[in-house]
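Only one chain is included here, represented as structure tokens and corresponding to the form predicted on its own.
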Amino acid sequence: MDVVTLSRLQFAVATYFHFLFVPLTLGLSVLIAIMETIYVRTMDDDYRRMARFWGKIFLINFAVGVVTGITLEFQFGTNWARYSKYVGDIFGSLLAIEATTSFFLESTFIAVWAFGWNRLSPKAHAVTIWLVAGASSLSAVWILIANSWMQHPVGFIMARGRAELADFAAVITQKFAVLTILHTLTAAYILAGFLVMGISAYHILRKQDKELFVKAFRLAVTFSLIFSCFEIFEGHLHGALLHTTQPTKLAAMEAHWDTQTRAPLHLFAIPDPENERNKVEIGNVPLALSLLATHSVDGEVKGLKEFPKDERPPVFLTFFSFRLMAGLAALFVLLTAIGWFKRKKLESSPRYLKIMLYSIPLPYLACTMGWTLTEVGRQPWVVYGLMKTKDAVSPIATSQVFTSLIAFIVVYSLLGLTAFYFMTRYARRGPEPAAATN
């Protein structure tokens, strides 16, 4: 492998691992804030115990997420120095804003919240977790704006051989960024909801603290149903935007080879990039691709043959990551809709509860596939249409990247196993008795 491939692999390893923890931080902080707010309004002690229980899982998850995120930013200097030099004026400013505002706010108030249970009034304590949730989401907003700029660069000029910031408002308000933020935050809320439902299902099945976990499940299923439905709607808007902003990604994720109007959509296909066709096509829906991409059955959708071969993303991986992500999104709507109708008779629905317990990994898989589609579908560009990935890598030796890649895999594996061991152990144990939390 060359330096480019190894550096991409190293960044992918670090990003996939980091994003095992980020969405749970984003989503669970909001759910805990809702739990504490209900406690303040009703003084129902179950909701206070609930917030403390999920809060400890949140803290373990948050700590590992922070550690793994820091190494990602270092890689922009170690592995992607040419990229940083070329677009650092824009990309770097967004990361700096994130670190000096949102991250510090989040880190400060998470400590106040964790140590303030018996030192602050219930209302003041609830305010601190809302500040944590807000700062977490704001932190994600800046990171996603930076990523969106790589997907669809706007608000810059080329000067002195590099991209320089010309219109900050255009960068932070562009439609691509807004839709990416909505899509990612919504996915995080779904993931957190499924985790709460899955662990609650485990305890309901074992008849442990049943009343508390039934309340937690009902809260999470309503929360997840709302965001699962919204994700389908928002995902469609996001996909349609690719028609004008990233036509190669749209063509690859649909395995669409020939430019045509009234284009059909294939529910399943086996792409054959070498021969520029699909070996197998199943479930063709006439006109659907034109309608979804352009909002007109007569709309033209560019095919992959329209673009040079060296400017097409890997079709196979882009196509299947999109299909898996979209299929899981539809499944989340179905599972949460069933759960909402069963919310008042959960104890008599053991089969459904077992399904929800074993569904905990599915939103993680959906998020992973989403990022695979986002990043692989942008190739061969690191900044779409502006800078190719092969031109962004640092002038370093293959052996250096290979050594650090192995180190990342070993350290992250140990870190991940430790974190998930403690989270699983604590989740199985359940909340502390009522008297212990006073």
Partner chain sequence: MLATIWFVLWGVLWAVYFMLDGFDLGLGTLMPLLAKNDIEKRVVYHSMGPFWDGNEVWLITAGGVTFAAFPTTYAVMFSSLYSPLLLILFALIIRGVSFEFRNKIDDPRWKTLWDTCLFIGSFTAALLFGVAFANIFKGIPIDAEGIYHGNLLTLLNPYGLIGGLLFVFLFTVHGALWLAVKTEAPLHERAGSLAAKLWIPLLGVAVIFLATTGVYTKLYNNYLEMPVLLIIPVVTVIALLATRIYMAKGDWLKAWFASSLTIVSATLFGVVGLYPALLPSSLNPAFSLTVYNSSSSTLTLKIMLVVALVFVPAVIAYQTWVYVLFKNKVTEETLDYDEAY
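In this text, all values refer to a predicted model and were calculated from it rather than measured experimentally. Positions refer to the first chain, counted from 1.
In what follows, reference is made to the form predicted together with its partner chain, a form of this protein that is not presented.
Its partner chain is not drawn, but in the predicted complex it has a heavy atom within 4.5 Å of S394.
Under a 4.5 angstroms non-hydrogen atom cutoff, its partner chain in the predicted complex has A407 among its neighbouring residues. Using a 4.5 angstroms threshold between heavy atoms, L95 counts as touching its partner chain in the predicted complex. K390 falls outside the set of residues with a heavy atom inside 4.5 Å of its partner chain in the predicted complex.
With the partner omitted from this view, the residue of F320, F103, Y202, W257 that lies near its partner chain in the predicted complex is F103 [heavy atom within 4.5 Å].
Here is the short version: of W130, F316, F168, Y352, the single residue with a heavy atom within 4.5 Å of its partner chain in the predicted complex is F168.
The three residues G88, N118 and A419 all sit with a heavy atom within 4.5 Å of its partner chain in the predicted complex. Residue heavy atoms within 4.5 Å of its partner chain in the predicted complex occur in exactly one stretch of 22-30, 55-63, 371-379, 37-45, and that stretch is 55-63.
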